[in-house]
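To begin, one chain is listed below as structure tokens, in the form predicted alone.
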Amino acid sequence: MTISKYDLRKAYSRVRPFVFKTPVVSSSYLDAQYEAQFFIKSEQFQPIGAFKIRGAANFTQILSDAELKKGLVTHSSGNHAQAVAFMAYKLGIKASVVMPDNSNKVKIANAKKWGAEVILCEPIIEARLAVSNRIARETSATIVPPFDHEWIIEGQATAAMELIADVPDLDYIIAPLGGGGLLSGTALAAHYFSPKTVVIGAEPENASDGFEGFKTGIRVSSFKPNTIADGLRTTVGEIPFEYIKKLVSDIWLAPEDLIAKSMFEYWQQTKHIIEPSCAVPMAAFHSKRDLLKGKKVGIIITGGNVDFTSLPSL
């Protein structure tokens, strides 16, 4: 295993000055509906409104001062863009973020709010990589990958580390799957700190490259997702995929119509605003009632940056 328990502990020390220890909340409506106990790690309360600050903080804190002075560049559908912009703001350096032209408008505005230059591109991973690589060549800035890097995975793992510390002996942890940084980090955290906990990935049916790769053992390298879960509109990275194959027990798919329904239900029942991506676990375990009954289930809520001018309809 390339990433060790020591690496995760070091990552936690690095990110602490920049992240909040977000609350773990209960959910009486989910408890009653599934006859289980749910413990919800609420990362929408981070400074940027999403867990992505953890990976960006860990990555930038490992860079040298000389590297930081040359600036940062990244590509992201939204929350990682904000995270890199926020870290650049905190460190007093320049950031350029490449975002798909169908990105959430709130996330674009938030990246600009922290002073980043935003460059829009075609909504496919090949375009995101090409534009960000070009900017890095021209400016000598350091690319901060959104998910496909050990340092990012280590940072994202700290959310599950906190959840496990707050709620020992979880039977399941369920996390959304997009690029795989969070899910692979969550699986590593469980592997080292709660080995009896079963880790499940949740992915939209309309963005099922991770599910397909998991079932065949061969990563899907190109995929054009069509889901309202804008934070998951990307393919699983090479490095996260290897950890997911080894450490994740299963990937459950979320029907598209249930994602919006689950999100609105969560808003109504908890009075907490979450993104469509955060509702993917709830939509995915809708058909897994028998597995969850009587269990202690952790869910990682990934963010709350919602574009209220473009809400999905039921």
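Everything numeric in this text was worked out from a predicted model, so none of it was measured. Note that residue numbering begins at 1 and tracks the sequence as displayed.
The form predicted in complex with a further copy of the same chain exists for this protein as well; it is not shown, and the discussion that follows is about that form.
Although the partner is absent here, residue 22 is not a contact residue: none of its heavy atoms lies within 4.5 angstroms of a further copy of the same chain in the predicted complex. Put simply, residue 306 is close to a further copy of the same chain in the predicted complex: some heavy atom of it is within 4.5 Å.
Using a 4.5 angstroms limit between non-hydrogen atoms, residue 287 is distant from a further copy of the same chain in the predicted complex. Taking non-hydrogen atoms only, residue 106 approaches a further copy of the same chain to within 4.5 angstroms in the predicted complex. Shown alone, this chain has one stretch from 277 to 285, 57 to 65, 40 to 48, 249 to 257 that lies within 4.5 Å of a further copy of the same chain in the predicted complex by heavy atoms: 40 to 48. Taking a further copy of the same chain as it sits in the predicted complex, the stretch 228 to 251 never comes within 4.5 angstroms of it through any non-hydrogen atom.
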